[in-house]
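What follows is one chain in structure tokens, specifically the form predicted alone.
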Amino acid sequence: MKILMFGWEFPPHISGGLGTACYGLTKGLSKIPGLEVLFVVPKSFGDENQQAVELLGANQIPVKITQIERELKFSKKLHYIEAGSNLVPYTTPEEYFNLSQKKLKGKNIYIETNAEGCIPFSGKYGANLYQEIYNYGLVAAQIAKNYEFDVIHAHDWLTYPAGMAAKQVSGKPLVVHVHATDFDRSGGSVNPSVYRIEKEGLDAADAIITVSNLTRNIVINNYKIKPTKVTTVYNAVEPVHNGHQNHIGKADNEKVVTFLGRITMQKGPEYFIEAANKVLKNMDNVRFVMAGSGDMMDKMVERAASLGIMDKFHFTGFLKGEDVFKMFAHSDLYIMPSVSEPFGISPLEAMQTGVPVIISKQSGVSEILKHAIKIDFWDIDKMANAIYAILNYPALSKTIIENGWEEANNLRWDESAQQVHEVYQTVLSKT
């Protein structure tokens, strides 16, 4: 079985959990006998880990644009979206979603190619994102003509047009993988253009995979998709050998509490700061770290300053790779107070490193974790009480650490890959 898979990012070039999940899943799929994955990204940088997957950059594929455009039914729709959007640069998906759209005059779309007939891609989330999504669809159609495969797998809305293009050209079944929806990213105030792409991708799919039942319910209820079409496959985590044994202990007179994620509305950073303020009124030997970047960064710095806790608060900026585990290794507690989190891999990474975790009930990962403290994201009193208890009662912390480490390490990508493989087999049996 050969899978043509479309993603938008792949380690080490990631901005969040999407690239990490794609890597883990493809690594798990590579262990299934007879299954091969061709993973396509807009731009390949040349330093990606390709031990478990063949990686192909759309920027490397020559395209006969006029011919492809004539064949794709959705090209006019994407032309319209591009013509109606005036976006400024941003660095993360969430920063993009907070931007307003403005109408542009004219409807001419210009597609740049190099001397080899290839379309250049930034591989990021920039000012011309819609144009790159459209271009990605053009290249996907060309790839579908050039390669043999049995199933198409598209990760998140950015790649849905590419998946639809490949399906239109090849007639092969399409599986779309929902890692998040615009309802998560926007807090309910969806971007109409993004929603439209999401809806069309979900409608065109032969099967849909969601990363949690929380996301499954959003897909069914908010996008009017038949429940029989949607399967939940939880994310997992890469094994970390002796993670909790390598945890860096600190003196009893200093504790570190960490928030690690994009500093955006979806992640609930303001609730972390408010809970921190309450804890600091009752204990002095604790520091709080907000690791990440995002559109709410300045606001969070200002709020911490206004509360007079900046001497106990640290902002590190965006972390990835080994820096994430180094941060966990220096932490006594990790908190994910997300307002709407489709899954959330970072608590699993923290648990592997021997760090107790507090997560919001509004997260997909809370559906499967037993050895984590779960609170409503808005309940800062309970959050503060849980922080205080874990930091001041060593027996409680030790129990959570030991059970959490074992639980996290039992959540393997191999099992998730097997479930995805079953989805492939199901759609193929219907063709």
Partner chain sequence: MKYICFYFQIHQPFRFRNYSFFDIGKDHYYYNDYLNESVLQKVVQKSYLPTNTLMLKLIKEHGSKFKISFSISGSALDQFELYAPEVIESFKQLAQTGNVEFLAETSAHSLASQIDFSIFKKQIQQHALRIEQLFGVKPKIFRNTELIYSDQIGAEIYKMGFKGMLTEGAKHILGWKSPNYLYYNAMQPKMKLLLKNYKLSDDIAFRFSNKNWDQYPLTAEKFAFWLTELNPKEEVVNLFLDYETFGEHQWADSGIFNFLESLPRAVIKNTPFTFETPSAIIKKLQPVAVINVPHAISWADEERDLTAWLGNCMQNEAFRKLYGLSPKIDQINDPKLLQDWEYLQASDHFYYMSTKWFTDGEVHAYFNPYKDPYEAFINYMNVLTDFAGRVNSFVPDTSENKEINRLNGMLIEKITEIERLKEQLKRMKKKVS
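Quick caveat: nothing in here was measured; it's all calculated off a predicted structure. Positions refer to the first chain, counted from 1.
Although not depicted, the form predicted in complex with its partner chain is the subject of the following passage.
Heavy atoms within 4.5 Å of its partner chain in the predicted complex are found in one stretch of 319-327, 255-263, 195-203, 275-283, which is 275-283.
In summary, among the residues Ile32, Leu396, Leu38, Ile368, the only one with a non-hydrogen atom within 4.5 Å of its partner chain in the predicted complex is Leu396.
Of the listed positions (Arg303, His314, Lys145, Lys361), a single one reaches within 4.5 angstroms of its partner chain by any non-hydrogen atom in the predicted complex, namely Lys361. Within 4.5 Å of some heavy atom of its partner chain in the predicted complex lies at least one heavy atom of Tyr388. Every member of the trio Ala372, Asp381 and Asn403 reaches its partner chain in the predicted complex with some non-hydrogen atom inside 4.5 Å.
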